[in-house]
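One chain comes next, on its own, written as structure tokens: the form predicted alone.
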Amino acid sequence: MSIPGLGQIAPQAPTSTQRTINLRPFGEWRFSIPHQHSTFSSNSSAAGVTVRLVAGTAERDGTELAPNCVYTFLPGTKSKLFTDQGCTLEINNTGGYPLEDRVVEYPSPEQSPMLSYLNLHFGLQDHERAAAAHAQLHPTHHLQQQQQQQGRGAGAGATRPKPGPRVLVCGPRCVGKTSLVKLLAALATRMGSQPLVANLNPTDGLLCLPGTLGAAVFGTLMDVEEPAGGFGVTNTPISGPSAVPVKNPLTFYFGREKVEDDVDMWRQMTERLAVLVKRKFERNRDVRVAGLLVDTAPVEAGDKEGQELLGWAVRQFDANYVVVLGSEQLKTELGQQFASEKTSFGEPITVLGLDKSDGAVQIDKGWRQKSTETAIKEYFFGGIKARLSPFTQSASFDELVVFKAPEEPYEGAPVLERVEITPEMAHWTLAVMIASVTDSPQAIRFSSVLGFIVIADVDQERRRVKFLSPVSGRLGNHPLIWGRWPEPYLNLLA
């Protein structure tokens, strides 16, 4: 480049900040990469902060890093790398990102909260082995199921197979609930198990966009490089080819940011999700033995309504462990609530209290909004590792059938109302449901999600609508649901 009076200016090479970190056993390298650089940077070599495990062992949320393999952590990542034996890490901030990081080490392993998390994992493994032994003692269960499906009774004295541990993780806001669920799921898969993970917090989507509730079986490696640590949209079949095995989630569209925005709808969807989880247990022995991990929305000590909803979830999923993070008072209150209750298998409901890791940080509204925008972008356009090309389609108003939930839920309100397409829909994300436009609003509302589209433009005069879809082809007779969240923060075509 030449500027008059200054002559030729040599192009500046990306700054490189490389350093080496040594961690003692049970040490952690905690880092945060802000949402300041575009997810779609053309310079893939400077896409994020790279880390190489030079010596020892290290893991992110239970998933191990391979020795001498370069991992790239992308903008929008808040996480940590943990070592139980000690390690040497090579950090390379090629793009000059405003990386915020620190090393945390403890005088002894007993002072690290990770020790209690690992002990919880080992305890759950004991429960899983007991469930596997019970399944071997009662091998006739599959025959009983076949008889029931054929309309014949299972016979007197039929024994229900006991599933593995069903764990519900709860606690106040930003104490590390989702990180603990990821840790337990990853550790289970490392042992060859296939746990089922459910998310009941609509603010955080599980393998899907925010505003959803869902569940998925985790039986394979999790993506350590992805900002959500294996729980993001880039770990699903819609994300295209991937070096990490993808997961297939079952998703319900809540369409609101918080549980309290529509408690009755959340209850009904939670109940429906629990029914399908139990059905999965019945049909898959390996999943049943591995058990269930449930992530929940924040609940504070003294929040009677929130605790009542936790109790609802515990009963629907037949949970026998309630893990409370970061609140001794909440643990005491829930312990009193479940003191006399038992599961349908006659098991006591055990309430465990664990300390919050001081690595759990507060996530402000701006960060969460950026994370939501990134999830929507990656759903349609992919990330740095796998670029996608969404299809721009055009349809007449008469070709699309759109439903909308009431703005403010009230007693006796319809679950859905059919609405006309208007310019107000521009840039909103709509859910495509696995249902027919001829189904009842009730059936459509509680069907699972096929995918999402984004309304790009509405031409009121020509009665045409342009939208983005991750796959080609018409929508057919699939109905659409227009929720109230995530809001249209950005124009994806801009």
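For every residue, the number given is its place in the sequence shown, counted from 1. Since this is a predicted model, take the numbers as computed values, not measurements.
If you look for the form predicted in complex with a small molecule, you will not find it shown, but the lines that follow are about it.
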Identify which of Asn201, Gln125, Asn93, Ser327 has a heavy atom within 4.5 Å of the small molecule in the predicted bound form; exactly one of them does. Asn201
Of Ser357, Thr270, Thr234, Thr212, which one comes within 4.5 Å of the small molecule in the predicted bound form, counting heavy atoms only? Ser357
Which of 276 to 284, 401 to 409, 309 to 317, 170 to 178 lines the interface with the small molecule in the predicted bound form (heavy atom within 4.5 Å): 170 to 178
Could you confirm whether Arg30 comes within 4.5 Å of the small molecule in the predicted bound form, counting heavy atoms only? yes
Given that the small molecule is not shown alongside this chain, does Gln337 nevertheless sit within 4.5 Å of it in the predicted bound form, heavy atom to heavy atom? no
Quick one: is Pro298 in contact with the small molecule in the predicted bound form, heavy atoms, 4.5 Å cut-off? yes
Contact between Val361 and the small molecule in the predicted bound form at 4.5 Å, heavy atoms? yes
